[in-house]
Structures are given as C-alpha cells and as structure tokens.
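Just the one chain here, the form predicted alone, laid out as structure tokens.
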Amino acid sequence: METRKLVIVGAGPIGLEAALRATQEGYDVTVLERGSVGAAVRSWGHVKLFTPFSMNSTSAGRLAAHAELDPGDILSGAEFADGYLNPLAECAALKGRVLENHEVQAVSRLTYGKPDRIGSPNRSAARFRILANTPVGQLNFEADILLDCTGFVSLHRHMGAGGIPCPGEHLLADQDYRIPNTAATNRFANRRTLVIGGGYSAATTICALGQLCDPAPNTKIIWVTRGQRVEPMPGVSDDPLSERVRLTNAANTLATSDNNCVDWIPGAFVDRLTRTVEGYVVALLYPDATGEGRVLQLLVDEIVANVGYRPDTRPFEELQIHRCYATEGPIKLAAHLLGETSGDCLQQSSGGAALLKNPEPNFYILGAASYGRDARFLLQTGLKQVSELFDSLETGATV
C-alpha cells in the first residue's frame, strides 16, 4: 500500500482546511508557507470580517483546533488567526506538516516541461517538483497532487489608468496599499490623506480615518473613486451581513454628508504623482470621450491606495494552466463566475469540483487565488471548494 503525496502551497484559512481534510482522506500532506501561519490574515489583523466565524470555519476544523470562539462572533483578522488558524496548524493531525518560511519559487513536472504531453492525463505519471526557499537553503519537494492555496494578497494592483502604475507611483511603500491601522499610529491625524479605491477596503479606510476627525479637527480625507455613482458604495439589497451594512452606510454618510472631513471625488483617476518637501502633488484626471479631460492637482501628506490585489501566478508558470484572460483565475471557474449576474458574493452558486480542474492533471487552485481578480470571493466559498474537491478525489492510499 502506497500513500499519495499531497503538497499545499499556503497556510492560510483554505490551505489549512484543505490540509486537515487531506489527512482525513489518508494523504501524506505537507503545507509550504512562505511566511508564518495566517500571515496574510494578520496583515489586516485590525480589520473585522463581514461574516461570522461559523462561515469562515468548518465543524471538523473547529473540533481539531479546539476552538473556543462563538460561531456567531464577528472576528478581527488577528482574532481569527490567534483563535483558529494557529491552533488548527498545531492540531494533532497537522503537527509537523506545516512548514513556515518555505517560499515556493517554481513548480514543474519531474521529467516533463511545459510543452510536453499537452493536455494529456499521462503527464501525471511524473510527480510535481517544487523548488522552495527555506531556512536551510533551497530544497526540492515532490507531490502527486498539488494545491495552490496562496490567496491574492501577494501582489497589489496599481492606481493608474487601466490598472497600470501611474508616473511616480513607485514612490509609495507597499504598506500604503493596505488598510491602515489608525489605532496604532498617529500618522494620519491632522493631515491630508488621499484614499483611492471604490471597494470595501477603501470604505474601511475611510471609516477609520473619519474617526480621527473629532479629536484631530484638521484631519482631511479625499476619497477618489472611478465611475459616476450617487454614493460611493452601492450596497446590497436586504443584506443579511450586518457588519457589511454598517460599513457601507457609514462610508456613504461620510462621503455625502455636509462635513469638513471627507471630500468624495467620483469619476477620476490618478494621472501622476510627485513627491516634494511639502508632500505628494497628485494630478487627478477626469477623462472625457476623447480620452482627454480636465486635471485637478492636489497636495496631500499621505496616500492610501486600496485598489485591490491579484494572485501571484509566477511560481506556477511551467505548468499547463488555462487561465482567464481577464481575471487570471482558472478559465472554467472564471466563465462560471462571469455568468453570475449578482454582484453579491453571498448569492453565488457553486459549480462543483469540475470547475476546479486544469489541463495540468492533479493541480488545483483553491480559495481566493481561484477567483483571480474577481473580488466576490468569500472564505465560505473556499471551504466549499475544499469539500467538493476531496469528495471528487480518490483517497490518498493506492495499491
């Protein structure tokens, strides 16, 4: 009896749940994590999730982790990592299987290159070969089945027109693309901050900065979003997620009320920025039908670009993966998501394990990375993917 080797890249919520299920199915499991367990979640540890803990965990995971959290709790990222992800990684089933500070650099087949046996299931005769940077140097790992659970906070997107960097954007630090922790710094108090982005991350930043306005009355926030709307956040009809309702209403109130704290500028994008001794000089462009338009120049002290993230596909470039030309997610799932008419992530239907398959045999993309640039992903969706995938696979033991 031979045990099949399964390697998971990423020790976040989906990677750990997949690892637990894989051990239950009899696989020899290894998880390769480039940093520490739940590092991506901890990067927004001060932010609360929209969804309750019950939607972001499984009964098997809660049992294995001995989680003492209430299923109805709305947790911050740090609470989720401390109370669930770390105990799950240390549970009896996964003890010693989660390798931190193991960053995957490249993946291939052991004897086949990318152009070999195109689309053939016979490629699975050669194991996956995985090169990783580790604390003891570069090492190779092998696997019969490989899961990409890396999420999508590896690479931020850009603030310039069409998603490319604007001139001068290289002056920003990587942290300026994340939701700031205003409780841990006075960086934004009594200063002018430009916030760019039209999603829930930007709304979270606006609400956090807005709380500074009363104790620090000289705090000024300029919120730039693309497109013309009555309000910056459209909201979801009959939204069952109370935290999402609260955030949407609070951000819209700050943006549209007659106050001296937040100025909302819709329908513009950043054309260029320059750093001077007085701060950032930012040129905003309001395009017209000719591609030209009027330009507004601003002087700000800080910039927060909550413009979204995208998955890092580079380690997997030598595999035969059919990705969507628009979202960079696997094409079958991307096509399914394109057919979903609702913009609410709670209303999406699952297409089953068939949508997770790639031309590369035994390689699957799960979790946020499977959605590519589509922002409608929920942790609940990733957990369902794990269940559907392993329901469709054979057990880890082979004759």
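Note that the coordinates shown come from a computational prediction; the quantities given were computed from them, not determined experimentally. The numbering used is simple: start at 1 and walk along the sequence shown.
The next section is about a form of this same protein that is not shown, the form predicted together with a small molecule.
> Using heavy atoms and a 4.5 Å limit, would one call I206 a contact residue for the small molecule in the predicted bound form?
Although the small molecule is absent here, I206 would stay clear of it in the predicted bound form, with no heavy atoms inside 4.5 Å.
> If you check in the predicted bound form, is L20 within 4.5 Å of the small molecule, heavy atoms only?
Although the small molecule is absent here, L20 would stay clear of it in the predicted bound form, with no heavy atoms inside 4.5 Å.
> Hey, in the predicted bound form, is G151 touching the small molecule, heavy atoms inside 4.5 Å?
G151: yes, in contact with the small molecule in the predicted bound form.
> At 4.5 Å between heavy atoms, is A39 in contact with the small molecule in the predicted bound form?
Because a heavy atom of A39 falls inside 4.5 Å of the small molecule in the predicted bound form, the answer is yes.
> Based on heavy atom distances of at most 4.5 Å to the small molecule in the predicted bound form, which listed stretch, 156-164, 189-197, 318-326, 99-107, is the contact stretch?
Within 4.5 Å of the partner lies stretch 99-107.
> Taking 4.5 Å between heavy atoms as the contact cutoff, choose which of A268, I179, I222, A250 touches the small molecule in the predicted bound form.
Selected option: I179.
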